[in-house]
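We begin with a single chain expressed as structure tokens, specifically the form predicted on its own.
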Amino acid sequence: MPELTPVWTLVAYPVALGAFTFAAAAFDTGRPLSRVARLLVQQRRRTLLPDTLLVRVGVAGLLAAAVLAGIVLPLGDVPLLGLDVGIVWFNAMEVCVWGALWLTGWGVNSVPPLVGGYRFIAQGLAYELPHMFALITAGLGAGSLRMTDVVQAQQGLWFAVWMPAAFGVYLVSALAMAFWGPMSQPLGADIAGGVTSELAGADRLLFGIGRYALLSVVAAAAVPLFLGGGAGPWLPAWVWTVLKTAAVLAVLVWARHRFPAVRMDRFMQASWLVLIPVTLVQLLIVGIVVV
């Protein structure tokens, strides 16, 4: 049964997500407010025979998927929505991200965005299985798919310590899920910006907000899954949650320009030949220890 939602989380969740989204944009671009002002006054770009409805659904769907993925993550000790299958819910929202990018790329009726959309589908086929196995490993270690139970199971030792392979694979797949840094080929410069090449004005602004929000959510998910949630000395649980999320988010943002872009075929090869076997071995070890 879902846990009762404290009233304060209804206010704290959007405030926290908005703050991390703004911080990620500020750390990445340097001047997010001036960029927002420029996009707000910019006219939307029109292509020949676009499917406007699909584009709007795709652009808004990216932000919606990020928001929905984050509602199961504990804010300190309690989440906005305490589902028994919180890990499954978080993983399922990725499917919405796949759909959002593909609809945006398809709907504008232009080659570069369509190529970018298909690139993300190919990227998803590469990262999804190791990502899913990393999440299952955390759930197996806790004996539950509820996020708060996963946090409780780390009272003695963080999962990042005794599940380092799963934690590392999660961070790599988080970059791919948010099409960020070396995994940003769906928005590649070689295809004129890919999915975003025909977006301008409010559409591009909303898409950018959704992307930073998604990056913030995948960073925040690492905290309850592998970093002990709000556990820590002296400070309240929500403070530790904020500090740990900020640290993971800073690492992900920093990684954007530090690593070369990864081609889809090579990422697919590395994923199936390295990441999946590594996560399966980690899953087996955790299963033996738990049982």
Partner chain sequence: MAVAFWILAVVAVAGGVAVFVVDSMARATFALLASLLAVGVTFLLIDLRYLGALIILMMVMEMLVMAVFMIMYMMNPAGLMPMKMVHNKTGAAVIAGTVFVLLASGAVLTRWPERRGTPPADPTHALGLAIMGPKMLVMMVIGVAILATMIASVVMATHRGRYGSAMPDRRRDGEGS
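Residue numbers count along the first chain shown, from 1. Note that the structure is predicted; figures quoted are calculated from it, not measured.
Keep in mind the form predicted together with its partner chain is missing from the figure; the text below concerns it.
Mapping the unseen interface onto this chain, Val281 falls outside it, with no heavy atom inside 4.5 Å of its partner chain in the predicted complex. Contact between Phe179 and its partner chain in the predicted complex is not found at the 4.5 Å heavy atom cutoff. Mapping the unseen interface onto this chain, Leu17 falls outside it, with no heavy atom inside 4.5 Å of its partner chain in the predicted complex. With a 4.5 Å cutoff on heavy atoms, Met93 counts as touching its partner chain in the predicted complex.
Between 122-130, 213-221, 164-172, 194-202, the stretch whose residues reach within 4.5 angstroms of its partner chain in the predicted complex through a non-hydrogen atom is 122-130.
Put simply, of Arg266, Arg46, Arg256, Arg35 only one has a heavy atom within 4.5 Å of its partner chain in the predicted complex, and it is Arg266. The partner is absent here; in the predicted complex, the one residue of Val151, Val72, Leu145, Met183 having a heavy atom within 4.5 Å of its partner chain is Leu145. For the partner-free chain shown, Leu83, Asp84, Val85, Val88, Trp89, Asn91, Ala92, Met93, Val95, Cys96, Trp98, Gly99 of 66-101 come within 4.5 angstroms of its partner chain in the predicted complex, judged by any non-hydrogen atom.
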